[in-house]
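Following this are structure 1 and structure 2, which are two forms of one protein chain, each written alone as structure tokens.
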Structure 1
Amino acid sequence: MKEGLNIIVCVKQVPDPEGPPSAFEVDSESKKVIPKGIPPVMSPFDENALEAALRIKDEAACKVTVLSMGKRLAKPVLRKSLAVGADELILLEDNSFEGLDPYWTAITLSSAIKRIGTYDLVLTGRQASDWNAAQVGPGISEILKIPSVTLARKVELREDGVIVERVLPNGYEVIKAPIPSLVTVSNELGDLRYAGIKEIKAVQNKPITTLCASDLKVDLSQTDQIKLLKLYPPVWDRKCNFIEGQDAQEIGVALALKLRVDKVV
């Protein structure tokens, strides 16, 4: 395996997706989802990407840099990346970074990656657990003009490139790409390792680099590539039908006929 690698992992802060549906309010006027009493967490798919980077670091000397973007980022949440083994945390924090669409998110993250300079591998989650767009990772690869492989369940680095096991509906395929490359990591890779109290305390005073829009020289004055026309909660319509009959066989036949009429079977 190649030594001295530089790996960049892009992570997103999101409302905890394990929160109850009742805690999420849809504001149709402002076209926003407003979490009520839900704490922020690192997107679970991005945790998979960070775990992929740490497994590579377990095998060879490399530097893992974590990159996160947003407004009013919760530093204790993102310091978790340092506690589990990342070497550096860079926060892109600016009011103009709130609510960016995937296109402008990819542009901003790419600008930060170019500023970092040297990198061999960029890892992201397969998608964010809030909007599930799955567009930022491939967008970054297009802007940086590097190959991308999506839906990885395993990532290995060798002298001559990156080897990825890519998830398929009925199994997986093995893909080899040159480095630098971008890989989006799926949940099949496994959960992020646990950070103990000792590790969490050890990184409390570790410095964090913070950059704003002017540092990255990105112009976010016209971020209208994607327009959200309407946002509303789904409408549920439930109907209950009772199937009657003299015995189980008659009820079964009646149920089968009803399912056929309703085009369920």
Structure 2
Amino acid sequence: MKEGLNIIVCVKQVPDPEGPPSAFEVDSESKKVIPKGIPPVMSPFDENALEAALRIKDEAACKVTVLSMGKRLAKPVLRKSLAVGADELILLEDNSFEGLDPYWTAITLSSAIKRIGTYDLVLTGRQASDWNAAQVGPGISEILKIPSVTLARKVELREDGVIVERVLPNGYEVIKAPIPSLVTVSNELGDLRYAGIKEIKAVQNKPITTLCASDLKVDLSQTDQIKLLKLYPPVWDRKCNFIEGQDAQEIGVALALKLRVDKVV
């Protein structure tokens, strides 16, 4: 592995997707999902992307910079990236970043990446758990005009390029990409390592860089090309038909017969 490389990881803050359905209140009026009693967390696939960067750093000294963007960010949530081993945290915070579509998000992040200047690898999660857009990563690669590989389960940085194992439905493919490239990471790569109390304390006062829209020279005055017309909770028109019987034997048989009548088995 090559030493001294620069890796940038883009992470998004989201309401904890492991929360129960009751934790996601859908406000159709404001077209927003209001989290109830669940904490903000790093989006799971972005955690996988950060883990990919840290595994590269385990092998060869390199610098990992974490970028996150939003209207108001929860610093403790994102500081976790420093506690697990990232070297620098840059927050892009601006009122105009609220509700930006993936197109403008990719433009803003690309602008921040250009401002950082030197990078050999850019990592993102394959999608965020909130709006599930799954396109900011490839979008950044198009804007920066660098190659991209999606759905990684393993990422290796070598002297002459990036080697990626890309998940396929029936296995995986090994892809070689030049430096710099962008890679989106999937859950198969593995969970983000834990940060101990000691590590969390150690980074508590580590400085964080904060940038706003004007620092990035992005014009976000007209960003409504794609409109959210409606947002509503799913209506399950399924009245669950509970199968009953004297005992488990009878229930098992009744269930089999039901499915046969419905012609699904």
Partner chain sequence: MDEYRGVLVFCEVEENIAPITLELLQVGRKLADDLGVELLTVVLGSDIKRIADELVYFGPDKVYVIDDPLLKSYNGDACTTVLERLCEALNPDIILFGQTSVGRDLAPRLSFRLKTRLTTDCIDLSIDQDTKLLLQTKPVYGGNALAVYVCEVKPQIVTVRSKTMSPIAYDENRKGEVIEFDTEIDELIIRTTVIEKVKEEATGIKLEDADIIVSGGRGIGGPDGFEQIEELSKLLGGAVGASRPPCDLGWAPSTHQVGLTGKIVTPNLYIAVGISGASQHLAGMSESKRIVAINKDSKANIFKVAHYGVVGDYKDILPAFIKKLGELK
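For clarity, every value in this text was computed on a predicted model and none was experimentally measured. All residue numbers here refer to structure 1's sequence, counted from 1. In this text, the rigid core denotes the largest set of C-alpha atoms whose superposition between the two forms falls within 1.5 Å.
Here the chain appears twice, and structure 1 is the form predicted alone. If you fit the larger rigid part between structures 1 and 2 on its C-alpha atoms, the smaller part is left turned by 36 degrees. When the core is overlaid, the C-alpha of R260 ends up 6.6 Å from its other position between structures 1 and 2.
For Q246, the Cα deviation between structures 1 and 2 after core superposition amounts to 14.0 Å.
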